[in-house]
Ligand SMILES: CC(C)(COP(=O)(O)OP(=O)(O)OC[C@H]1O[C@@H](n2cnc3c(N)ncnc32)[C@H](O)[C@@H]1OP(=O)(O)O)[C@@H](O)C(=O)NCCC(=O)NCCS
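In C-alpha cells, the next block holds one chain alone, the form predicted on its own.
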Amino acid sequence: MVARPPLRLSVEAMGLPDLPEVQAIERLSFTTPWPPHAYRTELQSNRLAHYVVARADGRVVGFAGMWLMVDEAHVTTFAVHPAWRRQRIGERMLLSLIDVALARGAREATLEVRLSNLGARRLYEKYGFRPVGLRPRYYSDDNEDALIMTTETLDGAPMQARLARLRAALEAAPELESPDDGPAGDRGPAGGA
C-alpha cells in the first residue's frame, strides 16, 4: 500500500463560487439548513458579515461565519463536512474568525450552541468562550435550548496568551489526512463544531 501525501489546508474568504459546496456541507450538518439564497445574500449585501471556507487541496471541507457589530463579533454559523471532522479544521476556522474580529476592533466574541453539542462546546471553551446565558427553545427543529457563550476581552493579555499558545499548537499539528469516503462537517453556533 502506498501512503498518500498529507493534504494542505487553507482558510480563506468565502466567495460565490463556493456556495454549492457550502450548501452541501450545510445539508449534511444541520437538520434545518439555511435556504440556498441565504449565503448569497450574506456575501452580496450584509456589510457586517464575514464568512470563511476551509479548503483541503482546493475542495471546500468546512465553513464559518460571523457578523461584526460595533465592538462584538457574533459567530453565526460553523460547519465541517462530516468526513473531515476531528482534524482540527474547526479550530483553524475559529482562529481565523477571531483574527478577523481582532483586526476589525471587536472587543469580544459571542455565539449560541446547542446544549447537547458537547464537542462544539469544548472547542469554544478551549478558545476562551464561557457560558453566560441560555436561549430557551432556540432551535426550531426540536426546540432545544441554546447556550450563549462569550469570550473575555479579545485583546486582553490572558486571551492573547491563550491564542498564542493555541496557534503554536496548531502550527505544530500534523497535516490533514484524506478520509477514505470523501469530505465531512460540524456546525457551531447553530448546531455543531
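The shown structure was predicted, so the numbers you read here are calculated from the model rather than taken from an experiment. For every residue, the number given is its place in the sequence shown, counted from 1.
There is another form of the same protein, the form predicted together with the ligand; it is not shown, and what comes next is about it.
Stretch-level contact analysis of 50-58, 154-162, 25-33, 128-136 against the ligand in the model of the complex, using heavy atoms and a 4.5 Å limit, identifies 25-33.
The ligand in the model of the complex is not approached by R104, whose heavy atoms all lie more than 4.5 angstroms from it. Although the partner is absent from this view, E108 stays clear of the ligand in the model of the complex, with no non-hydrogen atom inside 4.5 angstroms.
Taking the partner from the other structure, the ligand in the model of the complex has a heavy atom within 4.5 Å of a heavy atom of I89. Although the partner is absent here, L97 sits far enough away that none of its heavy atoms falls within 4.5 Å of the ligand in the model of the complex. Within 4.5 Å of the ligand in the model of the complex, a heavy atom is found for not a single one of A13, G15 and M66.
Heavy atoms closer than or equal to 4.5 Å to the ligand in the model of the complex belong, across 113-135, to the residues V113, N117, G119, A120, R122, L123, Y124, K126, ordered by sequence position.
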